[in-house]
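One chain comes next, on its own, written out as structure tokens in the form predicted alone.
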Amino acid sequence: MDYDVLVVGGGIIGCSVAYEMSKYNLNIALIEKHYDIADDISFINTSVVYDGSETSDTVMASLEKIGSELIEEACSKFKVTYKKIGSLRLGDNDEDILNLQDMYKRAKIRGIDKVHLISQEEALNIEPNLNIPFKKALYSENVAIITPYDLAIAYGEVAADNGVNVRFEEEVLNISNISKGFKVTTNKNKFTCRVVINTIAKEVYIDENIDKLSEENSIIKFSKNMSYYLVDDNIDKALEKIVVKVLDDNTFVLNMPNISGGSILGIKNPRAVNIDDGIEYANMLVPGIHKSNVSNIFSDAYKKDLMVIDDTCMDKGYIRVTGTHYGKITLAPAIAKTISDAIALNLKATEKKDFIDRRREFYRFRDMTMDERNEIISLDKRYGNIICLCNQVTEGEIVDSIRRPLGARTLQGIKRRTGAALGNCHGSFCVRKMVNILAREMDKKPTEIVEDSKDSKVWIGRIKEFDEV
């Protein structure tokens, strides 16, 4: 066999699985069809870590509770930003209050501590900037925000440092049974392995072709839409907690602080809302928001809030993770640990004695003290060259993001890893410099650099009148 375990898909779940599996003495590969891992994570690099108190699904609640504990531990180890800021879910009528009471009772039954049903006065003491009418609130001290892309990258890097072979630009076309394992066919290679862990969104069944399944999946109608509005910090009484206001059975508005500054307003609705409707909904939670406060808009669509670990073919060595969920970031580590423990038991794998459970050192210039900055500049002058003025990202950080394990190979990869070009100017000052640095480090021409895939060149050609771009 080429591999003991083959992980299909390099999203947050695939990276989490690769990390957990890399703790064992197994030959492991991860196949990702794109240029980079964690491509399934939104460009909004802030995500809520749930504690299991908000969902009515008992299984999802259990996984969220486990996942939140694993994430807090991982963020501490890998130096990923993690802020436990708490959440408030507001109720302003009798029906809302009954729902809050049910959620509170469920939290107690599930053994989730630090969840409280509180009055308006108590809620205002916790979040003084609330400026809308409500009667009661459900307050959870456990809920946090993290930078999910950084977490996925950390999982991937540590997995790679522990021997996981990450193969980019390979799309799985077919998975078929062979004696004592599987044959996995990609657009570039054929592999044999004992176990397949399939984490991709398209549902690939054994002995079935992905193209056929893609056609079937394309007719699925999405029933939920999330629109995200990035709001600057120039609004009065910005909320410091995660706050949720349910408007009706199909719509709610969510506020969460953006780790890189400002706030994020999320609106769930059966349809994709336009900016005018979005601003109207946002004002129902945070009055005073105008179009001029919105710096960017992102959207997401999904069918239902459910993720399933399909282990019906576990005895043959095939596990599939399918479905979508608003708390996928929280669920990922718990799903990965559940799968990895089961696979290790089936394969009778032993744990590595030399497992490296740490991430290679990295620096964030904007977070350093002046003495720390001077010290790092004395060691590497590139840390003294500011490339992105908005977010204070240096050439040294960009070079490091390219040279690290699973380093950036695209402009988007640099943006996600460093925060460069994600400021108020949206890269108008720094993109040209980033392209030239990436071209230099990869020994390519600037015209060969792509945004995020082979069909997304940043520059079509060079201006002939000049010696350099």
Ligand SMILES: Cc1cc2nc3c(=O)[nH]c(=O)nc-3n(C[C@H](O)[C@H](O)[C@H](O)COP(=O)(O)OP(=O)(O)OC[C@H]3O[C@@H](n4cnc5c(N)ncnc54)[C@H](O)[C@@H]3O)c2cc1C
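So that the term is clear: the rigid core is the largest set of C-alpha atoms that superpose within 1.5 Å between two forms. Nothing here was measured: the structure is a model prediction, and the numbers come from that model. One rule holds for the numbers: they count along the sequence shown, beginning at 1.
Not on display, but discussed next: the form predicted together with the named molecule.
Screening 432 to 440, 400 to 408, 52 to 60, 27 to 35 for residues having heavy atoms within 4.5 Å of the named molecule in the model of the complex returns a single hit, 27 to 35. For residue 311, no non-hydrogen atom is located within 4.5 Å of the named molecule in the model of the complex, even though that partner is not displayed.
Residue contact check for residue 47: one or more of its heavy atoms lie within 4.5 Å of the named molecule in the model of the complex. Not displayed here, the named molecule is kept clear of residue 278 by more than 4.5 Å at the level of heavy atoms in the model of the complex. A residue is said to contact a partner when one of its heavy atoms sits within 4.5 Å of a partner heavy atom; residue 359 fails this definition for the named molecule in the model of the complex, lying far away. Each of 8, 325 and 329 places at least one heavy atom within 4.5 Å of the named molecule in the model of the complex. With the partner omitted here, the residue from 171, 240, 113, 375 that has a non-hydrogen atom within 4.5 angstroms of the named molecule in the model of the complex is 171.
The contact residue chosen from 199, 340, 391, 87 relative to the named molecule in the model of the complex is 199, the criterion being a non-hydrogen atom within 4.5 angstroms. Superposed on the core, the two forms barely differ at residue 411: its CA moves less than 2 Å between the shown form and the other one. Remark: with the core as the superposition reference, the CA shift of residue 436 between the shown form and the other one stays below 2 Å. A movement of the C-alpha atom of residue 29 falling short of 2 angstroms is seen between the shown form and the other one when the two forms are aligned on their rigid core. Cα of residue 45 to Cα of residue 417: at least 3 Å longer in the model of the complex than in the shown structure.
Note on residue 13 and residue 42: their C-alpha atoms are nearer in the model of the complex, a change of at least 3 Å from this conformation.
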